[in-house]
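Quick heads-up: it's one chain on its own, the form predicted alone, in structure tokens.
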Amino acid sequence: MVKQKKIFLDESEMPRQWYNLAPDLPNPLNPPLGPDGNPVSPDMLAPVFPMNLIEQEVSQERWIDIPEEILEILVRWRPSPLVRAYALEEALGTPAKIFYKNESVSPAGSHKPNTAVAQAWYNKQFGIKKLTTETGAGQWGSALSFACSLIGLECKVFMVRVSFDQKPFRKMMMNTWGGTCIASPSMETQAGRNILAKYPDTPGSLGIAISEAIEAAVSDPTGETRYSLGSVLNHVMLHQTIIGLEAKKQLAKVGIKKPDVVVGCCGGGSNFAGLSFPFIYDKINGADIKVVGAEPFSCPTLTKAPFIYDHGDVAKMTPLLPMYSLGHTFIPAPIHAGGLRYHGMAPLVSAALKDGLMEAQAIHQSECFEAGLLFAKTEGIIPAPETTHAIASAIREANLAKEEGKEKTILFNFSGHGLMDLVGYEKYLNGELTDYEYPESEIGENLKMLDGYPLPK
């Protein structure tokens, strides 16, 4: 008899609400602050975001309805399948059951359209005509270009230069969906020109690209442009929780009340939050669940950075956010997990770590690519370099279950496929990739310019 490998939900079983972690945190979330150190009011964010998304950003409602028009677009690929990784389990010889939520089935190949569609829709409702954004590996830029093409908005994407060079097909995906992709730093903005004058050979960073995208939005004299962010902010975490809410229903279909371990990779926090927050809700309410965020050694935001107030971008155009941060001037090593090279972590994810609701692991890219190859050879899908961090962490947990002789249920987010990232696999197979551990001394240098900044409570 063929074993059940994929667990599906019918479209009628899709979650009708997003889950907001903010009201359930043990300690209230610190507010974003302006340059004067005072909390930022919603009106101060209005030049950057539409008010309907700002309302979600500051909401203290636990459940927020998903508009039917958004569901009608999400249903093109959602609900995404929950898959039992039997072949990976067998290869590891583990007693653990390993499940992964396959977010690679979206048209853009990752979890990113879950919020891209929502953000584009809310902007369109507010009368916005054009969105600007940044992207690292190109997953977010592709997703927003896709969403804008469906909803009828213009889209301009500032792509971190090293990824722009490493991943030309991502740029082509954006162009195919009608988006405009520009290597960052660029000569199009004052922020970009300033960086290029000082560092003409810079590989770029998400912090720089964010500065350019925000500048391009707020400098539009027509007022018809807004900025869109693919991670970090509360409303982005909110939109992604459809992942974990679906997973809970799918596990229940095979008689599993809760997983023992939930794993996601962490860059800015969106795919991790999307899977884990609905289970952190259960943990807050007494469930025994280990929640793990996996990140690169070369960008150790959760494992080495302090919990501070910092800007989300290099040009300091964003408010001060309460988060674990390596400093907004952080320029990461050009590892192939471009989506995990951000200097900060989402305030909600940072708060979850600070409150002991999750733990973090830093993993070298060689271990991650090794895990990605094993997954590809057993389960068949080539994972994105970012996703391999979650796979590597899940494999660690499966091996721990083997050592302990315990039958655990491990759930991880397969956040995206790696079919546009094969250059990284080629370099790994040719022995051209090196591991890099970001030195704590450099973190200290980055943080010097934050002397005198307020500290989170």
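The model shown is predicted, which means the values in this text are computed figures rather than measured ones. Sequential numbering from 1, following the sequence displayed.
One more form of this protein, predicted in complex with a further copy of the same chain, exists but is not displayed; see below.
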By the heavy atom within 4.5 Å rule, which residue out of L33, V423, I64, L400 makes contact with a further copy of the same chain in the predicted complex?
V423
Would you kindly say which of M173, I182, A371, A351 lies with a heavy atom within 4.5 Å of a further copy of the same chain in the predicted complex?
M173
I'd like to check something about E72: if you look in the predicted complex, is any of its heavy atoms closer than or equal to 4.5 Å to a heavy atom of a further copy of the same chain?
yes
Does L150 reach a further copy of the same chain in the predicted complex if we count a contact as any heavy atom within 4.5 Å?
yes
Taking any heavy atom pair closer than or equal to 4.5 Å as contact, tell me whether P319 reaches a further copy of the same chain in the predicted complex.
no
Applying a 4.5 Å heavy atom distance criterion, does K457 contact a further copy of the same chain in the predicted complex?
no
With a further copy of the same chain left out here, work out from 373-381, 352-360, 259-267, 297-305 which stretch has heavy atoms within 4.5 Å of it in the predicted complex.
373-381
Kindly confirm or deny that V2, R76 and F146 each have some heavy atom within 4.5 angstroms of a further copy of the same chain in the predicted complex.
yes
Can you list, in sequence order, the residues from 81-112 that come within 4.5 Å of a further copy of the same chain in the predicted complex, counting heavy atoms only?
A87, P107
